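Heads up, the chain below is alone and in the form predicted on its own; it's given as structure tokens.
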């Protein structure tokens, strides 16, 4: 659904749920990361784009004037409530902790939205690595801005949303997801320096190319510690190399000091250091429409994530192998896993005229290889969070 269609949908659903029309509507997009994986917590670079899939919220002041916010979702049976007269703490249902954390962040800044009835709807696929949680957080923050008439700096908004995820959902995420959801611009990727938080818009409005997102529809259940384990291994590498973070190490310095690291930690560092170099290089190639070079960097990124960082899985690898088989002549410049790994999505840079044919080929070959039906869709770089009404 387009944002316009989503707005009509959430307006009608709010009317059904609460018996009146909403006074405020806000939306925030999910994202796909084109390149720069597991670099954000190493002070590196990332190159995400907002996608045309959104979390949208409609709200109205409570008719009874009570200082209670009720969040309802079109996809969840239980409502999440916040009593504004009490300190805001994590509670049940769990999905409500994302908006709870955001409300707590605004209250800490002296911004109180008062009692509200809220309904949310999301088209960002859950558990697919397209950042449905950041879209929910940033959408909540944007809705509060609409209700209170008090806007905060978009970078501050992204950091508030990140803190909500850390403190209320207990997920030690980096800053990429919230930044692109808050700061995305239509027709552009966002090159983000995770150390300085400096952002640079990278135009991607050439109609000859598109990004195809392939959801493997697989999410492997892990022991839960893989993300924290990778972070700890990177910190160990930085410590043994005598630097604050792996951002401060070149590939040559890593090779010269290889003996200071275990084989496993060396490989983790090799991925991160290589990816920190690849990401601004990919932005440069995209700026000059050098799609073949940008695609090769995407393939190199996937190989390092698969072999050195070990966060891929057979389904993600199958998609990339299929893409390599189709190749430049068939219209695919490059392909890689995107997101944290162990399932979720791949992203492919493709010729726009071949997009339908490529999608069909990938769907058919993936089903043969894995027995699973993939979900394939394309997106142009979308706008970041927006107030639609209010």
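Residue numbers count along the first chain shown, from 1. All of these numbers come straight from a predicted model, not from anything done at the bench.
This next part talks about the form predicted in complex with a small molecule, which is not shown.
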**Asked** Pick from 58-66, 345-353, 37-45, 321-329: which stretch has non-hydrogen atoms within 4.5 Å of the small molecule in the predicted bound form?
**Response** 37-45
**Prompt:** Taking the small molecule in the predicted bound form as the reference, which of 227, 266, 299, 291 has a non-hydrogen atom within 4.5 Å?
**Reply:** 227
**Fill in**
From 80, 246, 209, 173: within 4.5 Å of the small molecule in the predicted bound form by heavy atoms is 173
